[in-house]
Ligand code: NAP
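A lone chain, given as structure tokens: the form predicted alone.
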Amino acid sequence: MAAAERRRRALITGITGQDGSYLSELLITKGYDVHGIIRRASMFNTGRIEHLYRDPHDPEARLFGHYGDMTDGTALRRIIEAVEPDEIYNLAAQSHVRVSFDEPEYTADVVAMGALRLLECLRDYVARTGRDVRMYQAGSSEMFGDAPPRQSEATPFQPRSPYATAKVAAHEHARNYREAYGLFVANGILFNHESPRRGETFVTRKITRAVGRIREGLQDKLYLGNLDARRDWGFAGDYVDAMWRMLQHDTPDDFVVATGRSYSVRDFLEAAFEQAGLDWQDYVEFDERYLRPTEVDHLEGDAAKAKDKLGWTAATDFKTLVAMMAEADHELARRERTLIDAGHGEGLTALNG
């Protein structure tokens, strides 16, 4: 292929996660070659992107994987040199807030130091090649902590967990490298974004997964912690478009991405169980183990800047999102029920209970 015909290349850390899969789909539709960093594991962890994969020898292949880890700066450097990306999206993280209290050092190493390692690699690569490489740094609404809603780019951060603190550090590293070295680094402060691809230990997916399994007689109870916490929930498929738009903007900047409406965990429960014609109060029980040492009560974003400068608004409303997730998880439960009824589901109930 002639140099003039070279497709744009994106490098995504955390490509096997929810956001990585939706972003990969988006970029491929826009004509990119997508390269992703995959953390080595003894079990397959690429389920969310398998539908995009083709043998790399296939001339139509657009998705390529590279083994690496945010704790290994040498690997990150080698991958960047090999890929020669035009855009880098740093989505990798230990992103479970409750788990970050149990694994604070690991969370800080992957989230805060990982971003710093990547920025250092980018700085050296740009200095050596003179290429215009743009980077997106994934922030989180958790950085606002107990700051009063609605939260915007001007709201001071008040993190309330090791995860949030690490994200604040990564955010500030990105801003510093933007200002000190002239790198194009955009910070996206994304409020909660969900989908049928959300990890099953996150509260929204835990709820919709349970609803599906309860409908199929595979589960009796759902155990949750704080039902009063309010969050601004949007669809991950909408939010990755905002990430891409940030790197097409004339100048690098910080942007809040949110729907502008918040709902409690109880609201999510009601909407999800309503899809099944069930009363959530008959199935949900409290478990203090799911409480955080420091809670975040109310997150609701103001994405006016993203609308004004990027032309972005959330396209999926709350009820549509819940229905989408509940329907997908009911289908999973139906398949599980079929396997069990056919005598092939030994262990599934125990594993998913």
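Keep in mind that what you see is a predicted model, and the values were worked out from it rather than measured. Sequential numbering from 1, following the sequence displayed.
Keep in mind that the form predicted together with the named molecule is not shown, yet the notes after this line are about it.
In the predicted bound form, at least one heavy atom of residue 198 sits within 4.5 Å of the named molecule.
The closest non-hydrogen atom of residue 39 lies within 4.5 Å of the named molecule in the predicted bound form.
With a 4.5 Å cutoff on heavy atoms, residue 151 does not count as touching the named molecule in the predicted bound form; it lies far away. Within 4.5 Å of any heavy atom of the named molecule in the predicted bound form lies no heavy atom of residue 10. Shown alone, this chain has one stretch from 170-178, 134-142, 275-283, 118-126 that lies within 4.5 Å of the named molecule in the predicted bound form by heavy atoms: 134-142. Checked against the named molecule in the predicted bound form, the residues 92, 246, 166, 211 give one hit for a heavy atom within 4.5 Å, which is 92.
In the predicted bound form, every residue of the candidate spot (19, 45 and 48) has a heavy atom lying within 4.5 Å of the named molecule.
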